[in-house]
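What follows is a single chain, given as structure tokens, in the form predicted alone.
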């Protein structure tokens, strides 16, 4: 893979910031990844889709290895690969249609007499077949069982039937502007409107005089509740999310727009949950089984909500959907410095204790009632379908 010097410098800068966690948050990571991949499509030299797909995969592995916890990187890479394959398939189908149309025009030289002769022959053939079928039905022979068609399988209905027939090595020099246009419209433009798409659904889920609980700071949840507060009056309880205290920042942002907000300690979540009508939380990533990776403390809130039969809504964008399964949930977590929990100045105690400060929690799908995304809403059991619509099954492992 040969990148231009300017693009290689941009990639190295992005990788360095990912490794040092100088760029944090799925939105910023996803947007810069999409911009880099658009530049790769635009500036690299390739004559067919196979070369371009390999270039994108190689770069995707580099970016994902820099920060494996940022699943948005791999999601955007898979989305770009899906776009490339769709454009190639569309181009080849267009060429086939144009070719078949040309052949039909060239073969359309029959006279009216020939068409009448063909119709008479067809009538005779049809009558003979009908007479043969009548004789078969009047006989005592048992008709043969019809063969089963594999296309009727439910599994095959979910599989792209055209993927095996596409020749990605075909030369096509008009795909580059189409791919760039699709990346701009389907990914980058979608990222810019993702918060609005989720916030516009707020009035469908937030009702008057409800008590809403949330945890941590999430821009998606903040815009969601702010949009609902324009026409509904409700109260929000925010868990402070110790030791990062993101909940205090969230409470200040909600109070600034006129929402009645109360900050509670994390240990008081279970005691207060009986008064809560709905839990609304954000997500760092949504996995293939419907589980999610969210800010630490989210598992505790979701478990308390399930015990009290309180519905849990997760506000998330489609670019956070990952086709990976949580076989080992610790692989999706990251531990940050424990200085906020136990100061390094307490040296005598640190020598006798092993302190871990996880940044994320894994919330199982049975704790979630509904995902609210930028194109609508879906239960956890429908996540697999959203993943199939956005990614190609061949790109699950980059």
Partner chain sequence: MSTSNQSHETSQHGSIGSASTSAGQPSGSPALGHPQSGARKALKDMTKAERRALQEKKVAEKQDRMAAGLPSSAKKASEQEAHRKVASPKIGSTANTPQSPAPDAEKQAKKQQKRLNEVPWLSHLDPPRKPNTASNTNKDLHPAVLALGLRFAEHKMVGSNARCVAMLLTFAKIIQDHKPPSDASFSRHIQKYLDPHIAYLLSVRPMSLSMRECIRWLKKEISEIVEEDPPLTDESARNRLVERIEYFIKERITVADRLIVENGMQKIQNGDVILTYAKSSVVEALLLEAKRSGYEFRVVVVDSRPMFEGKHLLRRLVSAGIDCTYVLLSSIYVVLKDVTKVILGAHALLNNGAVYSRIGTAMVAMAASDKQVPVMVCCETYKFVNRTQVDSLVLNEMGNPDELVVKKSSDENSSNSLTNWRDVPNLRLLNLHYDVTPSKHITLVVTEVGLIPCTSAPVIWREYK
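Residue numbers count along the first chain shown, from 1. Model, not experiment: these values are computed from the prediction.
This next part talks about the form predicted together with its partner chain, which is not shown.
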Interface check vs its partner chain in the predicted bound form: of 88, 202, 304, 77, the one with a heavy atom inside 4.5 Å is 304
Ok, 191, 272, 229, 180: which has a heavy atom sitting within 4.5 Å of its partner chain in the predicted bound form?
-> 272
For residue 208, is any heavy atom within 4.5 Å of its partner chain in the predicted bound form, or not?
-> no
Answer with yes or no whether residue 175 is in contact with its partner chain in the predicted bound form, where contact means some heavy atom within 4.5 Å.
-> no
Given that the partner is absent here, does residue 251 sit within 4.5 Å of its partner chain in the predicted bound form, heavy atoms only?
-> yes
Distance check, residue 58 to its partner chain in the predicted bound form, heavy atom within 4.5 Å | no
Tell me which of 311-319, 293-301, 79-87, 193-201 has residues with heavy atoms within 4.5 angstroms of its partner chain in the predicted bound form?
-> 293-301
Along 206-234, which positions have a non-hydrogen atom within 4.5 Å of its partner chain in the predicted bound form?
-> none
